[in-house]
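A single chain, nothing else alongside it, follows as structure tokens in the form predicted on its own.
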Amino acid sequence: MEILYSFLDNTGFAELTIWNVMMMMIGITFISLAIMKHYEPLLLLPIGFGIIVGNIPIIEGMDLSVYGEGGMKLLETGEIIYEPGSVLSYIYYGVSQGIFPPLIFLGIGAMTDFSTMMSNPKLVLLGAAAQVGIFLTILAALFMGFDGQESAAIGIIGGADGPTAIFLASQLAPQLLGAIAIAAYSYMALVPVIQPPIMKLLTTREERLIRMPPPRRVSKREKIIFPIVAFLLCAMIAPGSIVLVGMLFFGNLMKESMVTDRLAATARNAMIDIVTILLGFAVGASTQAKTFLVWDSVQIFVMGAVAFGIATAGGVLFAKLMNLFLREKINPLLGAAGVSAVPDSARVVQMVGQEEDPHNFLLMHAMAPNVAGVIGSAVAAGVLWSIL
């Protein structure tokens, strides 16, 4: 019986709490949304399984422990999530030190075509306007009692860019990293649910029926020059954005130069897939119930939803404002693509537009503010990091 009791004491059931079960159910929900609804499956499935893994009670002294020696003290401060030297600590290192997000930006750059944005530069303003969600959320977080660095990390959720949110949170507020990452990726996955009602509420049927003229053809020389010039401008304006923006435009230069096809193919396929797996799993596994199911996490989720809605509304309303001064009107739906959930928000613009007119093709035009939003959120993160 002593052997049996010793065995039972060393199983996960002995330390399992209702809070662990709740987190596991959240993980299963993420997996279900990824498989059944196809909501960002490349992100939600690794995160969901990671949440399940991170909430299995671990026996003290097994080197997988999420607490380690003096665990409660470390747990309260949020400075260390995994015991130093454990397997998960090495995987999580890429998140906590901000290594994975720039590598993802490299892959994004290698798969992004900036030609639509270059052919119609005024659509870049929509990507900038959508970043209003970031700064209004920062003010809200300050009002709710978070300090400046925490507020900045929370506010970046409004950019709807998971890697950027993780990068800034890892630098400014590592104790909130798990909640911010889960909130950012959750709202990215729910783009098709959150954005359409806001877009329809703020536009008339006549506005949604506006057709955009075909974009002009962009030359190969322009495509090669653009990432170099754009990087120099962004880096000079916000030196803190060098890490993210530099990798983004470096990846794009490899793609457009046509002389590094192997490198570009690796960046946009094998490398970004590997990093996405590790990032999603590590972020999910960092959400232990004792650190995640707290009042701060609830506030972050609420503010994240508000930030995302404000960003969508900001882009749409700014497009309507631009139409007051433009001779050739733009479809205000394009403003919703200013949030940098690439390419889901652009697809939502196409979907909502075709509900009114099945022959109105907005996807190509929506990619302009969409990729501009990626740049805008990275620059905003750089500015916040530089200041704070």
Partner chain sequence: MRTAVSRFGMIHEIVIGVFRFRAVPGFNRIDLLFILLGCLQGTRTFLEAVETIPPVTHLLMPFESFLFLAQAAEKATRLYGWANVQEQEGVAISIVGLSIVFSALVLVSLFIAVLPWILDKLSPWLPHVDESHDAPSIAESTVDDEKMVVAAIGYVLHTEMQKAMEK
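Residue numbers count along the first chain shown, from 1. Worth saying up front: this structure is predicted, and the values here are computed from it rather than measured.
FYI, the form predicted together with the partner chain isn't displayed, but the following is about it.
- Taken together, the three residues Phe146, Leu233 and Asp296 all come within 4.5 Å of the partner chain in the model of the complex, as judged by their closest heavy atom.
- For the options Leu278, Val124, Ile242, Leu263, the residue carrying a heavy atom within 4.5 angstroms of the partner chain in the model of the complex is Val124.
- Screening Met118, Ile91, Ile99, Ala305 for any heavy atom within 4.5 Å of the partner chain in the model of the complex leaves a single hit, Met118.
- At the 4.5 Å threshold, heavy atoms of Met258 reach the partner chain in the model of the complex.
- Among heavy atoms of Asn269, none comes within 4.5 Å of the partner chain in the model of the complex.
- Interface membership of Lys200, defined by any non-hydrogen atom within 4.5 Å of the partner chain in the model of the complex, is ruled out.
- Remark: Ala129 counts among the residues lining the partner chain in the model of the complex, judged by a heavy atom distance of 4.5 Å or less.
- Shown alone, this chain has one stretch from 161-169, 234-242, 186-194, 270-278 that lies within 4.5 Å of the partner chain in the model of the complex by heavy atoms: 234-242.
- If you take 311-341 and check each residue for a heavy atom within 4.5 Å of the partner chain in the model of the complex, you get just Phe318.
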